[in-house]
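To begin, one chain is listed below as structure tokens, in the form predicted on its own.
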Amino acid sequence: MANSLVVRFSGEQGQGVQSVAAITAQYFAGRGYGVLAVNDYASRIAGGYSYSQIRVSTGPARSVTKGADIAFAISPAGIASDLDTLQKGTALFAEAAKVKAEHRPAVINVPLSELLDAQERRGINTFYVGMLLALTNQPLDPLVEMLEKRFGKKGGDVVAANVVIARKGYDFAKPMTDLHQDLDVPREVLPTVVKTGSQAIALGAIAAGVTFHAGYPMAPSTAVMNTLAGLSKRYGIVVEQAEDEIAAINLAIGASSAGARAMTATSGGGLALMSEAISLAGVAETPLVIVNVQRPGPATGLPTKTAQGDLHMVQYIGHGEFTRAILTPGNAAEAFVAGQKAFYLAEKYQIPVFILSDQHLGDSLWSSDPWKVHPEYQERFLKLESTSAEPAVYPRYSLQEGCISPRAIPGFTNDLTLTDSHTHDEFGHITEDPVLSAAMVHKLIDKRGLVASDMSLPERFAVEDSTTVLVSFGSCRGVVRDACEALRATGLSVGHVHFSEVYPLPEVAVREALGEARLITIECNATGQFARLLRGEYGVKADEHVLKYNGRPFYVDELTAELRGRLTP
């Protein structure tokens, strides 16, 4: 019996690789297993090589290995790529007749032409899922129920056809007893959420009461907008596809100025275009949530791959000096919380708040316990009473209240509320007075300490008894924890500190959390940006760095091996 299993589905774009991975993830999550499905896809609509790597575990599924235990090649054309990345001993299934002669010895033949008729071959994905269930000794009935829900709207004939195809796959693999890989049975089946990181951010925003989103489609961020658009009628959300990213962020700023909870989502290239408007939100003290689903750059880079290379960008983007906050969720459950908390921070402190995601977090399917809605993050911090019975100019940027002024919304009171992109006085009028200008700059940057007091400190694991501490942020959370636990199981003295929120944080508290041990930062970028942030903002110098920047996330087996080499004398 095994505690976990890694499965791969590979094929060309347009062959439903991600769809079959989603069906598989939902099936095993419904059976009580932890699931993580990582999608690696080509930057094209059709063709190319793509795959989904799915970890199924009796415990939390936090990372995947580079290879797989069982693999299904939906398109035999990708066999060469599979053989380059799969581990020795992987059971690789494909239609041998369509595989190049030199590759045939590596595959286990699935004679689809004999097993399925021409019409049924359109359901090859369903066939392979049926095979997988037989190979792992799982029951077929739950899949039948899933197929009825998934294809029910297309009619009974479509459902029946897919059930027949799944059963054919199941029956074909059932006699292959020497290839069966049993999984331990979970102790109990609990309600489980299975969503991508981008879906989680959007659903968190809905839980926080978002009413406006403007964006321009850009991989890999588009799923945030698509999720909100799909639920817009149910929750009363205006979702606007703008003509470009500059228009999108300015629409969001305008909506926020009018009292909406507003956001935009993009990736690095789109965020670069938003720089001036982010500065506008800073000086106008307009709350704004900005989601950046990172991909490798520079420029177009690898548009469908992953990276953590925009940390410095979001920390400094926008000319001038003003406070912002950066949240870096590490899985879908944390992304759901970040989608809520971002609006709370943005409105309470009247600042731009960034949710820094990436393709790995955003496109992967994560299973977790049911999510929690935080009512405290729905507080609006608005002033909706007039200052007097007669119309008056409202001191929107009052210095009497400290660095957080009461926020009136135009049209909700008798007062005239002014906003300006220039440095302004308390009433929003342009000013060039040197004393007042300096006071307004302090008003913007002095919020930092207040925001820091509302941020969450890093999560610590086995730090006190460790001589080495691994440090991660964002989507590296799960893989670093799994590597840490694997290393500790071999007797190595290693702990883990993970940051799901990175800026601003209380300086002393960060230093205390990291302790005095040897620090190794682990990041998906080429220059150690998080290590630089730790040193520049909090005075903590990392001793070593493990960096990956080829567009793929860390795999737990490769990371564990790298760290073992550094930690073993």
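On a predicted model such as this, the values are computed, not experimentally measured, just so you know. All residue numbers refer to positions in the sequence shown, first residue = 1.
FYI, the form predicted together with a further copy of the same chain isn't displayed, but the following is about it.
Asker: Does His422 make contact with a further copy of the same chain in the predicted bound form, using a 4.5 Å heavy atom cut-off?
Answerer: Heavy-atom contact with a further copy of the same chain at 4.5 Å: present for His422.
Asker: With the partner left out here, check for me: in the predicted bound form, does some heavy atom of Ser437 sit within 4.5 Å of a further copy of the same chain?
Answerer: It does: once a further copy of the same chain is placed as it appears in the predicted bound form, Ser437 has a heavy atom within 4.5 Å of it.
Asker: I'd like to know whether Val283 contacts a further copy of the same chain in the predicted bound form, with contact meaning heavy atoms within 4.5 angstroms.
Answerer: Because a heavy atom of Val283 falls inside 4.5 Å of a further copy of the same chain in the predicted bound form, the answer is yes.
Asker: Is there a non-hydrogen atom of His545 within 4.5 angstroms of a non-hydrogen atom of a further copy of the same chain in the predicted bound form?
Answerer: Contact check for His545: no, nothing within 4.5 Å of a further copy of the same chain in the predicted bound form.
Asker: Please tell me which of Gly130, Gly123, Gly309, Pro76 lies within 4.5 Å of a further copy of the same chain in the predicted bound form, judged by heavy atoms.
Answerer: The option sitting close enough to the partner is Gly309.
Asker: Asp171, Glu321, Asp454, Asp182: which sits within 4.5 Å of a further copy of the same chain in the predicted bound form by any heavy atom?
Answerer: Looking at the other structure, the residue within range turns out to be Glu321.
Asker: Counting only heavy atoms and a 4.5 Å cutoff, which of 349 to 357, 298 to 306, 107 to 115, 465 to 473 contacts a further copy of the same chain in the predicted bound form?
Answerer: Partner-contacting stretch among the options: 298 to 306.
Asker: Judged by heavy atoms and a 4.5 Å cut-off, are Ala42, Gly268 and Ala272 together in contact with a further copy of the same chain in the predicted bound form?
Answerer: Yes: Ala42, Gly268 and Ala272 each sit within 4.5 Å of a further copy of the same chain in the predicted bound form.
Asker: Within 211 to 245, which residues have a heavy atom closer than or equal to 4.5 Å from a further copy of the same chain in the predicted bound form?
Answerer: None of them.
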